[in-house]
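One chain comes next, on its own, written out as structure tokens in the form predicted alone.
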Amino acid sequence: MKDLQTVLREWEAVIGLEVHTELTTLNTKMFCSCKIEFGALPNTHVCPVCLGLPGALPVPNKAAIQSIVLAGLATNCKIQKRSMFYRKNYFYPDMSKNFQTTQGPIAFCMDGWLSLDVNGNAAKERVDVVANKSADSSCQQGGQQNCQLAAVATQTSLGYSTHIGITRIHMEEDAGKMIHVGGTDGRITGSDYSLVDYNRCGTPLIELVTEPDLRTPEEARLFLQKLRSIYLTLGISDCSMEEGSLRCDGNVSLRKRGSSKLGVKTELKNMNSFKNLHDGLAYEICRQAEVLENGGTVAQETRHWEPANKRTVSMRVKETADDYRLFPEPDLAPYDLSDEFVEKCRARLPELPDAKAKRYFDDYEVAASDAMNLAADVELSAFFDDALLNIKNNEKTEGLATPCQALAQPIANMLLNDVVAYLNSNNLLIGDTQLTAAAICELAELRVRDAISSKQAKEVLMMLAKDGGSANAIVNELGIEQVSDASELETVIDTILAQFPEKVEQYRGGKLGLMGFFVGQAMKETKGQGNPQLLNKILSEKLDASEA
């Protein structure tokens, strides 16, 4: 097969996502009082309602409705005051009542959108970026569904931005979990027998369906990452792809560049990580291109992504809405959400990642990419905000003209580079460490004042993460504070130059590599505590002056 970049120069990929998110922060299921608990003993959190036994009547979970309204408001959706549930009929062991309770044509949340910034290497997959600066405002004013510039990629200084339409976010109940025993890949094909755990059955699940506005696998990956950060910020789900509380299916088709006619789409399942989402879509795009270029036709079907083999395989012919025989749920009355209910939900909205990144950039002069990365991580951004508050309340930083602006970027650098690397290597969250906002502020100030080197700062940071304490106390205890007094270093350098006149002459004669020798002697005289940058500067000035 051709590689992705080659395919995307000739073909346009049209991608839409279906993102399923369990509302795991709730205590009970959608229509009964059974507990929501991942990893519980099989079939211990079930009752007649979630098992669909005769005569059992569902009672809706108000907190779940509040959560989906929050999700809709955070993704620019129009909240529908009146909607209802339907029965989606299918026969499969993971749903013992043989139908799933879900919303019909009108969901709680309709016609939304999210803006997407694609930067750096991620932007290279897209080949049709334009310089039209009116795309963003047009989409935001008219709504994504009415926007004629949907999926337009508008060039930015770091890459490009685009708007992704959201068709709907609807509420439904999750199915049970099938466990296929035997075989090699955990699938029903080739297994010896299957088990079913109904604990998950009835868990409130929201499904977000995008418009087919995504054009590259990278856009799909970034969209899912952004949506996850929004849901985590809202606190409606733990969004664990490993535990299945965040799942994503992808629909993808191809059309020749310049064509407006949609091709036949396939749906991809089992993309249970951001990498698998990207790689599964990339493979399917290349596979479809090969089929079409060889004169074949793409079948409308559901395909399974096999990460180990890096390929998709056919699962079944794609169902249509008619196959599910949807009809109104007779045991649940239609919903009429009041303005008061919606406004109370709106009042609960926290600062969302985009707004947070803008604040970091505008108020604290954090680099745009760093601001976005910080804002996307709920725990890191909360820690960063604590650090900023600490700076504002700490009188010791008054010597800096603008302490927040002076220290914000160094703190961001430490968090995004050293701290994240430490957390990943030890499989920890920042709350699991002993690092405090006050300590990292002290450390940042020491670096800004050139009191310690960058290497020393990393060593102190690791000590703070493991054992806690004060950065200043650790530096004093280790005796590693740099000498940055210019007059003191100048005296040291004058002594060294006087001791090695022949070396000075050799340097002036063209042996510039001797600069390392002089710096080494100065570091030796200062017991390794001389500021290397300042030593280099003073040495250069004195040697050049001597030469002149």
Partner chain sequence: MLRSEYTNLSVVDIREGLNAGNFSAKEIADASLSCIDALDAGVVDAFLSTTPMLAYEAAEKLDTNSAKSAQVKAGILAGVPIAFKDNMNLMGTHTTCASKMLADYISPYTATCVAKTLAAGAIPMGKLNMDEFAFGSSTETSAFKLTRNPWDLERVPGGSSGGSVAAVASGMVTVALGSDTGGSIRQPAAFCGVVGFKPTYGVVSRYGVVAFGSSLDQVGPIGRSVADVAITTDAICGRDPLDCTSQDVNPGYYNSVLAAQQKGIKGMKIGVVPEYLEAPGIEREVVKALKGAIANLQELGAQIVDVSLPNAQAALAAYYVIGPCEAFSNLSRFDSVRYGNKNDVVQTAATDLGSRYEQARAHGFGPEAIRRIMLGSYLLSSGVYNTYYYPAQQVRTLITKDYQQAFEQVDVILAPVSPRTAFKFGEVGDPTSMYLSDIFTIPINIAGNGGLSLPVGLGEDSGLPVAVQIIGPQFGDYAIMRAAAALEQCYPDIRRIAPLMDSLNASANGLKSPERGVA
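Here the structure is a predicted model, which is why all the values come from computation and not from measurement. Residue numbers count along the first chain shown, from 1.
In what follows, reference is made to the form predicted in complex with its partner chain, a form of this protein that is not presented.
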Check: Heavy atoms within 4.5 Å of its partner chain in the predicted complex: does R287 have any?
Finding: no
Notebook entry, point to check: Is the gap between V49 and its partner chain in the predicted complex 4.5 Å or less for some heavy atom pair?
Noted result: yes
Note to self: Just checking whether G510 would be counted as a contact of its partner chain in the predicted complex - the rule being heavy atoms within 4.5 angstroms.
What the structure shows: no
Check: Just to confirm, G479 within 4.5 Å of its partner chain in the predicted complex by heavy atoms?
Finding: no
Next item on the list: Mind telling me which stretch in 492-500, 22-30, 57-65, 513-521 gets its heavy atoms within 4.5 Å of its partner chain in the predicted complex?
Entry: 57-65
Next item on the list: Give a yes or no on whether every one of K97, F327 and L332 sits within 4.5 angstroms of its partner chain in the predicted complex by heavy atom.
Entry: yes
Check: Among K458, R126, R87, R359, which has at least one heavy atom within 4.5 Å of its partner chain in the predicted complex?
Finding: R87
Margin query: Counting any non-hydrogen atom inside 4.5 Å, which residue from F384, W305, W113, Y198 sits next to its partner chain in the predicted complex?
Written below: Y198
Check: Taking heavy atoms and a 4.5 Å limit, what residues of 152-171 are near its partner chain in the predicted complex?
Finding: none
